[in-house]
Every structure is written in structure tokens, then in C-alpha cells.
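Only one chain comes next, encoded as C-alpha cells, the form predicted alone.
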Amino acid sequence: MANVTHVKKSCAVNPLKMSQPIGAALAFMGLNNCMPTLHGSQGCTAFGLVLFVRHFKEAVPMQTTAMNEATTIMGGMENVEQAILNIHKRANPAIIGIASTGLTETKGDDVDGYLAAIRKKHPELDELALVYVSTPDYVGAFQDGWAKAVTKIVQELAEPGEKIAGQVNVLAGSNLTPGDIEEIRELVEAFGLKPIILPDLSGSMDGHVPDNFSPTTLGGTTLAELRSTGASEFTIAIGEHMREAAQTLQDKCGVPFQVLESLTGLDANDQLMSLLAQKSGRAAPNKYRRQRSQLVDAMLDAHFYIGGKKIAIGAEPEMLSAIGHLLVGIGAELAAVVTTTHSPLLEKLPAQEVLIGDLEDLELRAQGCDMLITHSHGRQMAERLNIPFLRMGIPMFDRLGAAHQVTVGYRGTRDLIFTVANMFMAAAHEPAPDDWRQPVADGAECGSCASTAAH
């Protein structure tokens, strides 16, 4: 059991975490024909917009209530009203998702009250779904904002109804990429079930070229599907931070749920397969039995290269837990672990200590480690430490294909294991910076790998 420590510093020297509003905004981007909106200054939205554009390499719909000094002091009712009316007129979305920021939270704007007054004043908005979530950016982190947004979406839009046979809800965690979600959909459908995935980034942020331009999100969970979640037979919540949303849906609509902490790893996917088989009454398809066998073989092959390696990892708790448990299960050691926010998963991590801190804290503790795992802001740290660097999480702005990475399911886990093992194999054959490892003549023995092959 890990000892969880919150580092107390005057400021974040090299930030690891992203804020709650950013997490909520990305969750809203998983809804079809939606306009994510931040209730704050234009700068708050601009920074978030740039972050998403650099990561996904796509046009990202995002709006702001454009608060300034005067409106912040006097209250943002008029700004919220004008923003909603402008968005409704110009973009005609089905849903407007509004997330607060530190600016308006410090002032104490009653946005729920604002929305009630706006609806009363403007009956033309009756068909427009408005979802507001309180996400002050001075507490919590990215996955907290995501979780709050999904909970509020369910609370506002799910409707009780007669159960639809074979329909299941999948509440997707913040650590899942569009590629992950597409893999999960394929898994669920393979058992003859119809999944409603919330939020569904695989439709809106998967990097496809649309036939027509849309000023709102294009693809994702539709409003009709959101309302239909209350008629599903069961809910699968992926990630501990999705528990509250699943509980809210059960309390409101009577839909039972089960939380799966992760879908990365052998045991995690065995649990998913058993659950889907139970709910569908079908045995696991043969292709997944074969994929499971491939994963077991990959773990056997890779443990020779991963076993005994010291890993430094900085990530949100859900991703940290999934990747950490996987690598320790193949023989690695979590030597330096830093995360962004509190979670019940942290104490379960197979590490001596988990810090809630920043990348500076991670670098101080990563001396002597064999690999660094974090998002793209860790690239300079990896250069200074001179160790292999595996980019995971948001933002990933210096590599293409971030949205299509798959680390869930038997197949995704297998490929992740190969990626890590191959990085260690490559590092073993790279010359050291001080050139201490001299070229090896053909037929001579290499000191780094005891090989007599030509180098």
C-alpha cells in the first residue's frame, strides 16, 4: 500500500496537472452537436483551446462568456445570457455545456439561477439542453472536472424509461482516448449488446475529415441517446472517478452499475469479458480468446526486458493506476510516482510513495530510473535524465496520432507492452552520451548485451 503525500510548495515549478474546467470541456466535446463553453475570461478559454488543438491536431469548438473586470465584480448574468443567445443563433447546437472557472467561482456567480431566469425569459430556448457544472480551477484536476461534467450530464439529461433489452451504458473515463473508446465499443457489440458510450470522443475527436463543416461538435453521444441512458439494462463505469456518475444514474433511473477500475491488463479484461458474457448470455467470441492468449505470450516475452526496470511516472490517478499495475505485474518497479489529485486508487498502487505534485518533484525522484512516462511536458526532463521517454496522456503535442493510441482490451494491452519492451531494447543498444561504449567489431562480444552480433 502506497503512502500518499501532498507536496506543499508556493507554486508549481513545472506543472503536471491540467485544471477542472479543461476536463469538463473535453467531456462536453464527447457529446454530439454540443458547444462547450467556459464561464470566465477569454484568456481562460483561449489557453484551453490551444491545448486541445495542439493535442488533437483538429478544429475544436469552444466558446466563452468573455468576463472582464467590471462584469466579474457586478455578476455575469448578462454575459451568460448573451453567450447562450449568440451560440443558439449562430451555431444552433442541441446542447450547450457550461463549465465555471476560478474567476467566476471566486466571485460566486449563481449560474444555476442565471439559467433558470434565462429560460423563463427566452422560451425559444426550450428545446436547447443547458448543462452547467461547477469546476473551480484552483482545486482538483483534469479528471475531477471530467467526472463532475459526466455526473451533471446524467443528472440533467437522463430520463427514466422502460428497459431496452440489450442496451448498456458505458461511462468512459477521462484517461481513455478516442481509439480506446472505439475498441471498447467493438468489444461490447461483439457480445450482441448495444452500447451508449458517454462521453463518446471516438465520434467527435477521432481525427476524421467530415463531409460538411459544423460549428459544434461533430459526432459523439446524441441528445436522444443521453435521454435513453435511463432505459438501459446496465451501466459499466470505466474508472473509479466514474462511480458518482453511475450512482447518480442508478438513483435517478434505477439502472444498476459496476465499476471497472481499468481496462488495461490481463485481469482487468478478464473481468470485463466475464461481465459482458453474464449480461449478454453469450460466451466470449473466439477472437478474444486468441487475443488473450497473445497477451499472455507478450507478457512472457517482454518480462525479460521490463523485469527489474525502475519506472518514473507522472499522470492523472486513473492512468497512473492502469499503467502502474500493468508494469509492476511484468516485473518493473514504480520508483518515482507523481500524480495530480486525490483518488482512492492511489493507496492501492504498488509503490512505496505517491506524491501529489508537479514534474519538478518527479524529476528530483527519477534519478537512476530506467524510463519516464508522462505527457509531452516531460520531454526536457527525459533529456536531462537521459532515459527513454514514453509519452502518455494529454497534452501530447510533439507526436502525431495521440487520439488513436489504444491501451485497452487484450490487444491494446499487448501493444503497450511491446512498445515499452522495445524502448528498453533500443536503449540497450544506443551509445551513451559520453561515448564510453566503443563500437564493437564483428564477432566480438558486446558488453551491454553479451551479443556477438554485428553492431
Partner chain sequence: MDALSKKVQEVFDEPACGKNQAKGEKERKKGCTKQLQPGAAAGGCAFDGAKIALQPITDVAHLVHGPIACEGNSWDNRGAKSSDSRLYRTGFTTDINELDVVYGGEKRLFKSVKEILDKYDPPAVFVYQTCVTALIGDDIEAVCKAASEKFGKPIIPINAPGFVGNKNLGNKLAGEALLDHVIGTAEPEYTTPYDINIIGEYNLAGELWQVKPLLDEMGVRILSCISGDAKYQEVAYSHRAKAAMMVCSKAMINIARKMDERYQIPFFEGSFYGITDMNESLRSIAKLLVEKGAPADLLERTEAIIQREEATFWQAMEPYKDRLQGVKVLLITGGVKSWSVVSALQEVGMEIVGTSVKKSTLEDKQKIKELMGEDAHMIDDMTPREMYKMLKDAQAEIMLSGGRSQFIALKAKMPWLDINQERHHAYAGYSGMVKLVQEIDKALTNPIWEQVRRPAPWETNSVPSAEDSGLSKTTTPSALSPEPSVLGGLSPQTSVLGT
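On a predicted model such as this, the values are computed, not experimentally measured, just so you know. Numbering follows the first chain given and starts at 1.
The protein also exists as the form predicted in complex with its partner chain; that form is not presented, and the subsequent description refers to it.
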Which of 309-317, 328-336, 250-258, 201-209 lines the interface with its partner chain in the predicted bound form (heavy atom within 4.5 Å): 201-209
Given that its partner chain is not shown alongside this chain, does residue 68 nevertheless sit within 4.5 Å of it in the predicted bound form, heavy atom to heavy atom? yes
With a cut-off of 4.5 Å between heavy atoms, is residue 415 one of the residues that contacts its partner chain in the predicted bound form? no
Might residue 391 be said to contact its partner chain in the predicted bound form, defining contact as any heavy atom within 4.5 Å? no
Test of understanding: in the predicted bound form, would residue 274 fall inside 4.5 Å of its partner chain by heavy atoms? no
Let me know the one among 403, 421, 51, 387 whose heavy atoms come within 4.5 Å of its partner chain in the predicted bound form, would you? 51
Heavy atom within 4.5 Å of its partner chain in the predicted bound form: which of 291, 214, 280, 167? 214
Between its partner chain and 12, 83 and 360, in the predicted bound form, does every residue show a non-hydrogen atom at 4.5 Å or closer? yes
Is any part of 47-61 within 4.5 angstroms of its partner chain in the predicted bound form by a non-hydrogen atom, and which residues would that be? 47, 49, 50, 51, 53, 54, 57, 58, 59, 60, 61
